[in-house]
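To begin, one chain is listed below as structure tokens, in the form predicted alone.
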């Protein structure tokens, strides 16, 4: 098996008295999409800066395509899209992407396809100073995709994008990963990440407190399922009395159900027959999983 594109091994970093990262280990393989989650101050930005070679860890190691951050090999392997991207206002979109393409030794013939890919073909000859925030973000994505990076770092990449543009963005991420790039993506928009990444890594006060697929985290966390039962209009009180749970919108009953009890709960719902008109079962959301691991880590730290 080939080595991961990104290898982070027991990395720690302290700024004065603040322990920004504490023994973090994380790998990202070619073609893998990993979501890096954490509250403000959790250490995400510090980790990105270390990967980019802007600063060095106090201990531990980071390898990108087998090389240290900041080396020519590592720099050529990595593309980065920050949350707030800024470009010279008096250059056109095409000129900006052409500039970054030249830095990466990418043929000029690839510039227009990149602009087309991010939905900026019609605005390619407009000055960047006339672009909206969402357009600047898409321009930043175009420069990040230039040269087919082996590792793509994305920091709040959908900031300023409308819902349709966000869908298009994640389609591009899927394409990039399918082509073999490793993707490490940091975002606070948890709901939009649920079906968009292969693995979730959660930082809490500089420590990695979770690192697995969403399905694994759901199973390991023991966060209960949500079962919403829709009752016939004249039977919602009876359904609530027989099943327990909480009344929702006057017509439904919501149950929190431990995973091992799922089948027995569904059997009890089925036994109500015509009193029930519909039901649905929801796995724990990424928001709930994130809250669980973050609060558990905080409780363990205080204990």
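Positions refer to the first chain, counted from 1. Remember, it's a predicted structure, so these values are computed and weren't measured experimentally.
Another form, the form predicted in complex with a small molecule, is not on view; read the next lines as being about it.
- Among heavy atoms of residue 249, none comes within 4.5 Å of the small molecule in the model of the complex.
- Contact annotation for residue 277: none of its heavy atoms lies within 4.5 Å of the small molecule in the model of the complex.
- Although the partner is absent here, residue 243 lies well away from the small molecule in the model of the complex, with no heavy atom inside 4.5 Å.
- Residue contact check for residue 265: none of its heavy atoms lie within 4.5 Å of the small molecule in the model of the complex.
- Taking a 4.5 Å heavy atom cutoff to the small molecule in the model of the complex, the contact residue among 60, 41, 66, 53 is 41.
- Only one segment in the set 42-50, 230-238, 22-30, 252-260 has residues whose heavy atoms sit within 4.5 Å of the small molecule in the model of the complex; it is 42-50.
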